[in-house]
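You are given structure tokens for the same protein chain in two forms, set apart as structure 1 and structure 2.
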Structure 1
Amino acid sequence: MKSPSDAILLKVEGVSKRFGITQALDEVSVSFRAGEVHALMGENGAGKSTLGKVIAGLHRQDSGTVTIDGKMLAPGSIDEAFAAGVRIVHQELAQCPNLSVAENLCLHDLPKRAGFLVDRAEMNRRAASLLARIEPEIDPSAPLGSLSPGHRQIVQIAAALDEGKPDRDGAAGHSARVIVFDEPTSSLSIAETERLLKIVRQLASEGLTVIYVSHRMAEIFACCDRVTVLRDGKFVGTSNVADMAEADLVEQMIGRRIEATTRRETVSASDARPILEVRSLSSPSKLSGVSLTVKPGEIVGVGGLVGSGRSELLDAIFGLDPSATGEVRVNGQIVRAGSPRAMIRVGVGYVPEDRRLQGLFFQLGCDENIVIPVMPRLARAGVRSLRAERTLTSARLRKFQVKAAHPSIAPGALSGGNQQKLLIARWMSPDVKVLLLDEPTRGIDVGTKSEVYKLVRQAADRGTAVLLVSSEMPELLALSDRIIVLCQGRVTGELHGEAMTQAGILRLATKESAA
């Protein structure tokens, strides 16, 4: 790894920021060098994203300063930060999928012809020149929505590299000097992540300062030079990545050591009769002939790359895919196709991938978020039984340690980890015999992750059959008793015992046309 120069480019000194009662940042000081990839790490709510946004001028700090090259930036001024060369690549893909790549890249300043017509040729030329620096393969005239998530992320990086409009007095634009990446890989596949990390390294080698906010340990060790850890809004330390072990970093983040995620004792339930049986489940262009079984107390992992049909498989099992064909049996009984309600009645629970979009109701309280699937059963003649609901929710919130100020508070006020625990708690009832989990630890911090693992294992120990989808290989390997691997909507293999390795999963996941 190329050693970055020691010149300090960007200095954050004594920055504090408070949101309501939450002290997001507390007297944080960090120095960033030119030409380094500098990771910001911490649990959810540690303040790393907030710090990135303060640097980019998106948030106005309550106190403290941000200086670039000795020049102090006005707090909360996006324009001044932009002029000084600070760019941010957002966590969410903030783009217009219905417009072309070039239009997205030039949206802030569409080139004009004859005063009001859009100069498409100039626009495409400008977009192509931006893309050429990092990924010339992308066609500027293609609709953005037709691109893969990885390429869309790259388009956003290209937008960040834009020099902006030349000043009115003709002075040149402002070239990028600092780029903040906020969780850039959360929606990318393995290959796309690798490509992105390469681009990040390339930008640093060109002398830019890259500030890299991420949860993923592997990425930090693969591409970052130094890492600053924040905890509860406070600065914990800055270290050279090369001098750190993963365990040290985790300890810095959560303030204590956690036991390494070890593989669970495989249950020998071979004699038990499967509780979930899926037979030749197919859906046009999503799944073809997937069959699998899960026994009580068994955790079956589903591996595969992004787009291999993992979430689609769970959707189809749960009856959410109207065009799915095939058979799903629970406890030996065929369940009516296309009806999530029938699935819930026979004891199937589903924690979907995206808790914001598919999981939680943000206008309802935490309590109602938990009881909603069982509300009709607790109710008498359609009228809610508030007492029964309260007993159930308070027990569930306590058991799953959802940190909510009050049971009826809206989930939006909880941290991401607590939101996820809330969603899992919804389905952790003794009536749920089959649990479908899709990325149960997405976007939550290390400490909460190990809690979630414990919850999943406990559920399995109680005899629940678990079907687990995860993009994080260590998680899949640590939790699963066996792993089924999907590629292009079909099962390409199953791994047991010693054969369960990252390499094994990857080999099956890329076994393209195994028919």
Structure 2
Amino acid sequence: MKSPSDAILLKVEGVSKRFGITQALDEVSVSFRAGEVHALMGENGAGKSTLGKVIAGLHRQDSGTVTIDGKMLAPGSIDEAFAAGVRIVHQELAQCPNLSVAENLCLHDLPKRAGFLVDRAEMNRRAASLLARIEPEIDPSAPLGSLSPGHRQIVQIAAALDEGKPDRDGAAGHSARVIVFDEPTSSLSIAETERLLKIVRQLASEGLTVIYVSHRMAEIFACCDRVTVLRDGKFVGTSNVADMAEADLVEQMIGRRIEATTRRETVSASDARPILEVRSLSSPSKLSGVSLTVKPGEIVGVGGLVGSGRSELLDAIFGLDPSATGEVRVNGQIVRAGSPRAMIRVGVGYVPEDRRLQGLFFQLGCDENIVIPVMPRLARAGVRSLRAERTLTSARLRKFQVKAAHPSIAPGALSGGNQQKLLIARWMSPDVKVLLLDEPTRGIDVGTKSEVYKLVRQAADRGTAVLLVSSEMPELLALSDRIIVLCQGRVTGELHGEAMTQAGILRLATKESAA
């Protein structure tokens, strides 16, 4: 591995940025070296993504400067930042899954022949050249939607490395020199994450400056050279990762020490009647005869690899899969299939994996997103009680520390982590008797993650039945009373007590176990 140089390539000096009443960045100064992987860490709303977007020209700072090799970049100029070699890989994939990989990579500048026809041979050649640098096994002619999330992320990285078309004088395009990764592994499996981290190190070894935004501590210590911590939009410090302990980094981020996550003491509910009963739940190409129960106060984990059917199981239980067959009972009552409204009515809440497509209503305010499930209960004589809704909204936003300029602001104005906290705040209610959680801490900072763990345990302690999906096995092991493992849509086993280990989950999650 090539060591980063001491030469400073990129400087951010005294940068401030305000959105309405929210001070996202406050006089932040930090330097980035050529050939290093430099992490940006902090709680949700600390200003990490905002800083990355200021560097890339997507946001115009209110004050301060960004310079590359001593040349100051015009504030808010995407073109100037691009010409200087700045690229950004966003957390949310901005791609066209119905088009081919090559079409996605060349969409900004389709090669033409005869003046107007798309030159597909040249398009595939350019795409193959971009992919060869990081992942030559990807077929440029394949539909993008057929790729795994990891390969789709790699395609987005390849697009960021594109030099762009030559200028009018025939001079070459602009090579990438700085690349910002904003939560690049939030939707990836363990194997895909390891592959992406190798690509990140590879890019740094080629001399690029990599700015890496992530909440995942393991990635920071495995991949990064230095780390800068932001808190409430302010610069806290920059340190060598090799000189930091995880507890010290967490304390810098949140300003206090947090307790280590320990396994929950298994509850004794053997005589209790299950609140949630799932019988022979099936869906074509997704699930095959899944049965399970969750009793009052239980947290039942669902383990398995990406594609094993974990998310599909929760979708089917909540009524989002119209092709699902089987039976779902809540408190002994059969709930009408394919009806999320019926599920909500009997006290089932669902935090889905994809908050953008399935979770939040982006055309509504944060306040309405929170109160939607309980509007009928808060209403008086069939008329909405705005006072009761405001009281509930204020309490939830405060309890879950959702950083929003105003309760009625749209979720799209929040950071990804604050969007996730808003979604969790909707369902952490005494009215919810069954809580379905799919990757509930994705995109959440380490301090808030600890608080979510406590809230999940508190919900179980007051009798809520919790069904939990998580790709983070330490999280699954720490929260669950028992774990059901899926492979290819089937239950391959159940783990209790001392048998609940990462090795045990992986053994049942492999294809061989399902044979």
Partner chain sequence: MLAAQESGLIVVIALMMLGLTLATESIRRPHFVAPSPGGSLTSVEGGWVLKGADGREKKYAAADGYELLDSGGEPRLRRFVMVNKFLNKENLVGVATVSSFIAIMAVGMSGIIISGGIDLSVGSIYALAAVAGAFAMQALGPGASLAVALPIGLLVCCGVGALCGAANGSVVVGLRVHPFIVTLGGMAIYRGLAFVTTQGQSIGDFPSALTLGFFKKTMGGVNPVPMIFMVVIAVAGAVVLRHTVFGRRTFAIGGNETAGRYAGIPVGRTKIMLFTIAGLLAGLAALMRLGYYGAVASDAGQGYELDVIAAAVVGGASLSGGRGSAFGAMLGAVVIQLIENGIVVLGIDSNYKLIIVGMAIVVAVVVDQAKQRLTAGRG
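Because the structure is a prediction, the values reported are computed rather than measured. Superpose the two forms; the largest set of C-alphas matching within 1.5 Å is the rigid core. Please note that residue numbering is based on structure 1, beginning with 1 at the start of its sequence.
The second of the two structures is the form predicted alone. Superposed on the core, the two forms barely differ at Pro149: its CA moves less than 2 Å between structures 1 and 2.
Core-superposed comparison between structures 1 and 2: the C-alpha position of Leu313 differs by no less than 2 Å. Relative to the superposed core, Asp461 shifts its CA atom by 2 Å or more between structures 1 and 2. Core-aligned Cα shift between structures 1 and 2 at Glu389: this is 7.3 Å. Taking the rigid core as reference, the CA displacement of Arg355 between structures 1 and 2 comes to 3.4 Å.
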